[in-house]
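The data below hold one chain only, encoded as structure tokens and taken in the form predicted alone.
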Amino acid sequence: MSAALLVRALRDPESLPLDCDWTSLISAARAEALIGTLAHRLQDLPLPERVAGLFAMHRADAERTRVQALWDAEMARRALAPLGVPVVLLKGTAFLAAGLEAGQGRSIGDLDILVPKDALTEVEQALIGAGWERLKPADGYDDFYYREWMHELPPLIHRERDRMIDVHHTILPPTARPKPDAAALLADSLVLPNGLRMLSPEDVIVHAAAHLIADGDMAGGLRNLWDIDRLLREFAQAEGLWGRLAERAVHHGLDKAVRRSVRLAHRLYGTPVPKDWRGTGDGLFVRRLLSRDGWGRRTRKATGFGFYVRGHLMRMPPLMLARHLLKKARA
């Protein structure tokens, strides 16, 4: 399977033979949004000429992405600075701004930020005043759904730079089973050199685990799991990380998601973890993560559908979900 080959390449680049199935490996890396990361991981290895050229191109693309992402963050900072509210970078842009290894070669889509819930209206208006526009009609069901049930505002896109921003007030939908403590996420965030903030090390890992396990169908899960591997390796150098992480995961109601994410990272990427964080029983999750064929296409459709249903049920209760899907179908 191409996904298994991708995991091997990321985990132990030197184990790849020169005549490995490069087509399958590259297809899987592209499908999982890990091609830039893979290009960095294999940078110092002897490679076929065409593969080396392709990876050099993707490293250059990753550098352009890094510059663009940090510029987007700076534009948001300038727009929101007059409000005096904490603005926390999330996901890949936070990794880049903090200079974390998890940001190396990472693909970046939207700019994700976290702000206090009671500041959402003024944050949205400030961004609109600075050139962002709504993507969803203000009187449509999607706009209502975001504002009533989601953990973020409807997405905004900048009219000149064509770049999107997602403004979060917490890290999971309020309708989901776990209820992360958004106030604690903000209160314990750390100031970055650019004046913006990022989550504490423990909360960064908790958020990554929530994104992987508790917020969807695990599509693209190998990238999210790679984030967790890199974060754990880097943050575990600080004494007491594991105890603080355990406490924080419980505090946010995400203990099961965090522990499963750690087990999966250890199993697939060889992440060094304490013995009491290891375990078994994650076979279906591994099956889902590794379901790619040699062309990068999803396989194991029944497993994928099962995780699709699971993802929706974790986001909202069944009756609410049924009403939501009915309204979407009518729309």
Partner chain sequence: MRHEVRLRVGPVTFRVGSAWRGPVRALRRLYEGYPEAGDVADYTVRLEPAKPWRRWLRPSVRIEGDYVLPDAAPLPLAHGLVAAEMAMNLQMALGERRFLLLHAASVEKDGRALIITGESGAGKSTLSAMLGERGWRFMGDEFALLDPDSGMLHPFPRPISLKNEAIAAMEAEVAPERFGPVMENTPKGRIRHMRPRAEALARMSEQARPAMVLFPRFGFAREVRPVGPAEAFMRLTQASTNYVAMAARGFDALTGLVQTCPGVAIDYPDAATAFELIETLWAEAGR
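For clarity, every value in this text was computed on a predicted model and none was experimentally measured. Numbering follows the first chain given and starts at 1.
Not on display, but discussed next: the form predicted together with the partner chain.
- Looking at residue 305, you'd find every heavy atom of it more than 4.5 angstroms from the partner chain in the predicted bound form.
- Taking the partner from the other structure, the partner chain in the predicted bound form has a heavy atom within 4.5 Å of a heavy atom of residue 30.
- Proximity of residue 284 to the partner chain in the predicted bound form: non-hydrogen atoms within 4.5 Å are absent; the residue sits far from the partner.
- Within 4.5 Å of some heavy atom of the partner chain in the predicted bound form lies at least one heavy atom of residue 54.
- Checked against the partner chain in the predicted bound form, the candidates 58, 66, 267, 41 yield a single residue with a heavy atom inside 4.5 Å, and that residue is 58.
- The candidate spot formed by 22, 50 and 296 lies fully in contact with the partner chain in the predicted bound form, as each residue has a heavy atom within 4.5 Å of it.
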